[in-house]
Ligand code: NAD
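This document starts with one chain, in the form predicted on its own, laid out as structure tokens.
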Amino acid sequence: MQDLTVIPASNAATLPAAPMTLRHWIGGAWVDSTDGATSERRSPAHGVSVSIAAKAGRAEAEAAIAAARAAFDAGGWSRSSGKDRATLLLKVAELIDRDRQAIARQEVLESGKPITQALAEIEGGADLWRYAAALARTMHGDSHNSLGPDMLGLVLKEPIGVVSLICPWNFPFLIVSQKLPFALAAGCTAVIKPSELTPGTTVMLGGLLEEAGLPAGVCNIVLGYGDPVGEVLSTDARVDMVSFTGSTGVGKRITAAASATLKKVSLELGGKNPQVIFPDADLDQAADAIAFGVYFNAGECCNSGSRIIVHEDVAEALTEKVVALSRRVPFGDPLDPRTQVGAIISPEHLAKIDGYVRGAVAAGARVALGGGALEVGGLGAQFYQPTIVTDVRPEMPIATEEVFGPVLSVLTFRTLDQAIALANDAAYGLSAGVWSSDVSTCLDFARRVQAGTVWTNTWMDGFAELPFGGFKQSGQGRELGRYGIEEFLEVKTVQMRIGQTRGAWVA
């Protein structure tokens, strides 16, 4: 294993005696599928059954949409005060904090991510609910009193209506918390479809919403697969908006499906995110951030720093530092608090990751570290070694396509213009980073790179106050910040004649 740091199965970790039973939440009621269909999720790290979920068909998806539509049109939530919405969102945040350990444990069991990371994500999710509560109290329209003595113009902001929230498997609780509280703060009603691989924590969130007193039908949860559930949520005319996080390919299909009804579509899609390292950078800090950026969540992260573009003068030194750090990153049992990188979500995805590495080697690249499945004692081989691939050319798929695994591609440059050209040489534009002690270099790069987020001398810091989203094929629209609630609002102009009536048009 090339002297890697591997954490074997922990004897102290207690696996569940029985899988969690998960049902749909529709119109305020917990229900099974009408045909009794279910799907099982087995832990990618431990191999045991961890959840049995009701598996929806078109009937359940349509029932959930009908419940959300009825709740929105009734107006109890959509026309409620910002104060009332904020009060409920704050209550949900408190309940998330209360159940943080249980939610994080279920996320670990279903996704394979480390427990320490899951705990941090649940804490971050609660913070998003609190931030959205603040937006519910402070959102407002505009008034225009400069239109003349007898006119007043108003710009109202109103909830867009029923929204479909389709969420992925890599950050199931955090990403639903990037969408749902903002939609609720705006006054929308919602239907959520979590990934069929990680439905548990979304169902747990539904239980907290019910406990907090969210009115029936305002939020609904439908468990199942993209076909047919995602298709119904994207095409039904009663849905006013679709918010999707996932792969670019699926995002394109959702956009096409939604086009028939011209509903709004917000997409947070893939990334092939570069970090550009100049010769005057602090290489030790850069190397640590690079290791974090590529191994965080086993690289199954749209913000993964999966390619570095390093100046030729320091490329060898930096690569050596990253290799040395990579050997020390603890891979293994996600229930062990020492572990920093857990299991890959599925055998099929592991094979896809390995295919990119093998393809690069066949095309002339060199593996400096890793390059295969990682056997973990007592757990098996659904893990992938920390992998660093050098001698990568810009045209290789590993340099331009989203690997979504713990695999780092290393490219080199000579000039600033060349570095920016390489950074922009991908269909994606989610995030980018620059490492230099010269603020002018950092600012020049930040203004010229095509990315929705740019980090300078850091990587993957995140704040609820700052918007998140991508350029190009990384998506459209923004989450978080005040933009996160604007996505779920319609703008309405009201023109009021308040003085004398205008002169007659017809004499």
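Don't overthink the numbering: it's just position in the shown sequence, from 1. Since this is a predicted model, take the numbers as computed values, not measurements.
Absent from the display: the form predicted together with the ligand. The rest refers to it.
In the predicted bound form, the ligand stays beyond 4.5 Å of every heavy atom belonging to W455. Mapping the unseen interface onto this chain, F445 falls outside it, with no heavy atom inside 4.5 Å of the ligand in the predicted bound form. Among heavy atoms of E401, none comes within 4.5 Å of the ligand in the predicted bound form.
Although the partner is absent from this view, V250 contacts the ligand in the predicted bound form, with a non-hydrogen atom inside 4.5 angstroms. Site residues P19, R41 and S346 are none of them in contact with the ligand in the predicted bound form, judged by any heavy atom within 4.5 Å. Checking E210, D127, D425, E231 against the ligand in the predicted bound form, a heavy atom within 4.5 Å turns up for just one residue: E231. The contact with the ligand in the predicted bound form, taken as any heavy atom within 4.5 Å, belongs to G270 out of G206, G187, G270, G217. Here the chain stands alone, but in the predicted bound form its contact with the ligand, taken as any heavy atom within 4.5 Å, falls in 250-258 among 379-387, 392-400, 99-107, 250-258. Of the residues in 32-69, none comes within 4.5 Å of the ligand in the predicted bound form through any heavy atom.
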